[in-house]
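This document starts with one chain, in the form predicted alone, laid out as structure tokens.
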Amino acid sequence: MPTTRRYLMCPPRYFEVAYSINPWMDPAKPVDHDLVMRQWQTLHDTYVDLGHKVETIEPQPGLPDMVFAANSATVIDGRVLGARFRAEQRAAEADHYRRWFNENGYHNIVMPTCINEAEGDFAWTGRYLLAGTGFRTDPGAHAEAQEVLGVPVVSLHLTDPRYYHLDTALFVLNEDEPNVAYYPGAFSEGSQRVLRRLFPDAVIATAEDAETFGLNAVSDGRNVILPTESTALAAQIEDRGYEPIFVDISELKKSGGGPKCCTMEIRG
């Protein structure tokens, strides 16, 4: 069943691929600025049409990746754990998001001491926080998240540089009866065993699904927003009773992002 969600998003007014900090980014490839704005607006409007509440933060010049709101905070039960980016090009984003939360009534905000790229590497299942490491978020950030947010944390090790954040390799389908979809090839052997133990009925994505950023999806427990190319994954999800909804992310993908990267969930 769908549940109403509250999301924070940032318009891609200054979006461009100005540097390369993941294998998807190529500054030599031009960005269609009008198209990326339309794609982002379609994603925003899709959430609104589904009944979700969407708030926005003002983008800042010189921060082209600020559109990827999921990387800047993790919010559970009203407690906010901010971000600390590994790449210096993104470092200033964290404080802009911190100020947004402070100005919008969230005063229980903790800024991390460890490198922590927020919902890029943290996925709340409703019972525990899945936490990725290997490329961006430090392992020490997992313990810090458990202490600050007061939820149990399960660490997962990412091994494929194309899937540099957890949210490029796994998403939560349902929090009421926790289940996920994931691409095994993005994880170490031990982490694959952990995922099989925790989620024996998970949707297993193919390499092709992962390459289309199909796992950078957003689910409200019924509706699943995913890229237009992710048709095989959509068919699996539909077979489980979910409703796939496609969006075009061609421009955002040039920076290694998709629907989830653009969408921070505010819980409480």
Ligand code: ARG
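Just so we're clear, the structure is a prediction, and the values are computed from it rather than from any experiment. In case it trips you up, residue 1 is the first one in the sequence shown, and so on.
A second form of this protein, the form predicted in complex with ligand ARG, is not displayed here; the remarks below concern that form.
- For the chain shown alone, Arg98 is not a contact residue for ligand ARG in the predicted complex, no non-hydrogen atom being within 4.5 angstroms.
- Residue contact with ligand ARG in the predicted complex: Gly257 places a heavy atom within 4.5 Å of it.
- Ala70 belongs to the set of residues with a heavy atom inside 4.5 Å of ligand ARG in the predicted complex.
- By the criterion of a heavy atom within 4.5 Å, Cys261 is counted among the residues contacting ligand ARG in the predicted complex.
- Look at 100 to 108, 190 to 198, 147 to 155, 161 to 169: in the predicted complex, residues with non-hydrogen atoms within 4.5 angstroms of ligand ARG sit in 161 to 169.
- Contact residues in stretch 17 to 51 (any heavy atom within 4.5 Å of ligand ARG, taken in the predicted complex) are Ile21, Asn22, Met25.
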